[in-house]
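This document starts with one chain, in the form predicted on its own, laid out as structure tokens.
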Amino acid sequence: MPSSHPLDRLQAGDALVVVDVQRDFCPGGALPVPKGDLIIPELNRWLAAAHERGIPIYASRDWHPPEHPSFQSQGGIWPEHCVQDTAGAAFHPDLELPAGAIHIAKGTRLDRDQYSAFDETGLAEHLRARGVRRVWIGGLAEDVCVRATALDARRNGFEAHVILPATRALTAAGAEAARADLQAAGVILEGE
């Protein structure tokens, strides 16, 4: 009898995309997602399984230059966060990224923000070159960067799955709106 846990469906042609599990997005950080750190054990299960099965792993992170246009001090909507080479920009220390995980820096542009791990990073091209057809996505925050990454995965022709136990939103209303957008775009929500 087939297993009902989505983790057991990881197979060749898949990739795991972990979005922005950084200190600044976890409790105690500059822009904390409520209970954002609670997703880490679930993500670590996925990371271990993907690594064991030879599934490519990508880990995105906001990597903002100082004075980034998304910061409130520059007229943006967010407090200063994930500034390059600061402790807040580091991946959360409990996240068990295996050797060989590919790190994607985003939010590096000086003129605008980049919420999606696909936004001018070359990720779609890299996935296609590796024969990836389906992506599994978790991380922070569900209603901002996870949403944007999953929507871009669909726009780029990939089957996209968001692992709900492996993501948290900034707000409950944001999560509800994001899930509606994702489902409308054909993204599969796993673990509801």
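Fair warning: this is a prediction, and the values are worked out from it, not measured in the lab. Throughout, we count residues from 1 along the sequence that is shown.
What comes next is about the form predicted in complex with a small molecule, which does not appear here.
Looking at residue 31, you'd find a heavy atom of it within 4.5 angstroms of the small molecule in the predicted bound form. Not displayed here, the small molecule is kept clear of residue 92 by more than 4.5 Å at the level of heavy atoms in the predicted bound form.
Not displayed here, the small molecule is approached by residue 141 to within 4.5 Å at the level of heavy atoms in the predicted bound form. At the 4.5 Å threshold, heavy atoms of residue 115 reach the small molecule in the predicted bound form. The partner is not drawn, yet in the predicted bound form one stretch among 127-135, 143-151, 159-167, 47-55 has residues with heavy atoms inside 4.5 Å of the small molecule: 143-151.
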